Structure formats: C-alpha cells, structure tokens
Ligand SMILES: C[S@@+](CC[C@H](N)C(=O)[O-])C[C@H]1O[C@@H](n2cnc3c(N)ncnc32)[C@H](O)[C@@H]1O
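One chain comes next, on its own, written out as structure tokens in the form predicted alone.
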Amino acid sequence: MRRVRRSMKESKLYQNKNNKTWADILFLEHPEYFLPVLESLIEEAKLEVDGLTKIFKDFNILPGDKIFDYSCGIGRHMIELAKRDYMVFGNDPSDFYIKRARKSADKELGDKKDNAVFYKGFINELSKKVFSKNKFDFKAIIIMFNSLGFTEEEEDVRILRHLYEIANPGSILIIQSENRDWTVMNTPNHYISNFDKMLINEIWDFNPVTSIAHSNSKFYEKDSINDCIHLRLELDIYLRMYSLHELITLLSKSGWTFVKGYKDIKSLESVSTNSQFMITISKKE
C-alpha cells in the first residue's frame, strides 16, 4: 500500500459533486477501510521512534519534554513515545481513529497513559480553541507518513503555519514524506495489499507537470463464508509529491528554517534522489 496518510481540510481541489475530497470520503466516512494499513505498521513505528528519539537527543529534547504529533491517526508513534516518557499530544480529524488511539493507549500505557493526550479535530480549529488558550511548551512537532500534499500547496503552507504558531522558539519540526524524485523513477506502479479482512488494489500514475500522483484505489471486503470478495469503495486518490527543495520552500514560506535532511527515519542516512522517503528537520528560530 503506497504510504498515503491522513490530513484533511476543506479544499476546492479534488472534490466530487458533493464537495467532498477523497480524504473526507476515505478517512472520515470510511476510516475502517484504511485501518488495516495503519495496524500493519504498528511494529514499524517502534523502529521509527528509535530514529525520532535520536534526533530529539541531538536537539537536547529529553524524556518529559512535550511533543506534538500532527495527524496522529491511531497513535502509533504517540503511544511508543509515551512509553519512553515523553509527554505527547496529537490530533486527528477522524473520530474513529482517535477512539482507537485512546483505547490502545489505555491498554498499553498503564500508569503512563497520561503521557498521551489525543485531540479530535483539524489543526486550524485546535490552534484557536485549545492551544491559544493554554500554555504548551512543545519541544518538537512531528508529521509522519505522508500527511501533506492532499490538496493544493497553499493548504500545506497553511498547515505548516498553524504548526509554527503553536511552536515555541527553538522548537523543531520533523516531517516524513515520500520523495518526488523517487516517485518519478518508480511510477506507474501497481500495489495489492492483502489483509485478513480487506484487500486493497491500487494503480498509481504520476503527472510530472503537476507533480501529482494519482491512484484509482479499490477496497474489497473479504467474504470467508462464500470465499469471495466484495467491492466496498472505489476512490480516486491524488497526492502532491514534493522534492526536497520544494518542501524546503514550503517550510520557508511558513516561517520554518530548514536544518537537515535524511533519507530514512530509521537509518538517518543522508537523503538522496533514489530514496523513497525523505525526512526534513526544521526549526523555529
């Protein structure tokens, strides 16, 4: 499954006749269809948190400090960070995913469950209703798993600015996203993801003029009784892919200062054109 994550907000682009984006449909109306993808990556999140904590240490961010996880989903990274004694706050627009995250936190964190605080809602709403009224001293903000590029570039700039506004001077922003340069060389591509109760079929193509990756994605539910599958959702997904220099430009427009880039959150090797993902570290001066 191509690593498409959640980050939804109103937009004039990629809307259907009911003025809904593909992200609204998948993550707000049918979040259960994407849940198997997130659950399959829980163990990988532990290794990714190893990399995050190494970066934190480089910037003198220690257990007990506050971290914000933008578009946290089912809390894969939040719960693992909370286990390591960081104070982690996160948001997600999906009520389904937030409830799942809270349930997992209650089960896994025990007496550390207060280390993870989940908020349902969009960052533009929460920055006004929650973070403007309370003093949050976030040492780091993380955006994991392709949570940008769901609509137009201007929307990504707005998201990054909201995050800049809730950050304190000296805070860092860590973004994990798929690398446009890798996408150019590895698309078109066909993915079939086979889970216990779901099968997802994706056929991706890439427009080099707009830098938009597009997939016609079909979500099938398995029927074990009749030994067949049923199509539950067919959806056109669009994802704006960024190269490293384009992402640095967006960060600069939002107020962030780019510091460093990696190819992988686990290895922390230098970013390159042949790496599928890229990790950017930026700072609020």
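Don't overthink the numbering: it's just position in the shown sequence, from 1. Only a predicted model underlies this, so the values are computations on that prediction, with no experimental measurement involved.
Omitted from view is the form predicted together with the ligand, to which the following refers.
**Student:** Is there any non-hydrogen atom of L38 lying within 4.5 Å of the ligand in the model of the complex?
**Tutor:** Flag for L38 set to yes.
**Student:** G149: heavy atom within 4.5 Å of the ligand in the model of the complex?
**Tutor:** Judged by the heavy-atom cut-off of 4.5 Å, G149 is well away from the ligand in the model of the complex.
**Student:** Using the partner position in the model of the complex, report whether I265 sits within 4.5 Å of the ligand, counting heavy atoms only.
**Tutor:** No.
**Student:** Although the partner isn't part of this model, could you tell me whether Y97 comes within 4.5 Å of the ligand in the model of the complex, counting any heavy atom of the residue?
**Tutor:** Contact check for Y97: yes, within 4.5 Å of the ligand in the model of the complex.
**Student:** State the residue from F122, W204, Y119, F131 whose non-hydrogen atoms include one within 4.5 Å of the ligand in the model of the complex.
**Tutor:** Looking at the other structure, the residue within range turns out to be F122.
**Student:** Name the residue from W256, F56, F34, Y242 that puts a heavy atom within 4.5 Å of the ligand in the model of the complex.
**Tutor:** The residue in contact is F34.
**Student:** So which of 188-196, 210-218, 76-84, 161-169 is the stretch with heavy atoms within 4.5 Å of the ligand in the model of the complex?
**Tutor:** This holds for exactly one stretch, 76-84.
**Student:** Using the arrangement in the model of the complex, list in sequence order the residues of 62-96 with any heavy atom within 4.5 angstroms of the ligand.
**Tutor:** Heavy-atom contacts to the ligand in the model of the complex: Y70, S71, C72, G73, R76, H77, D92, P93, S94.
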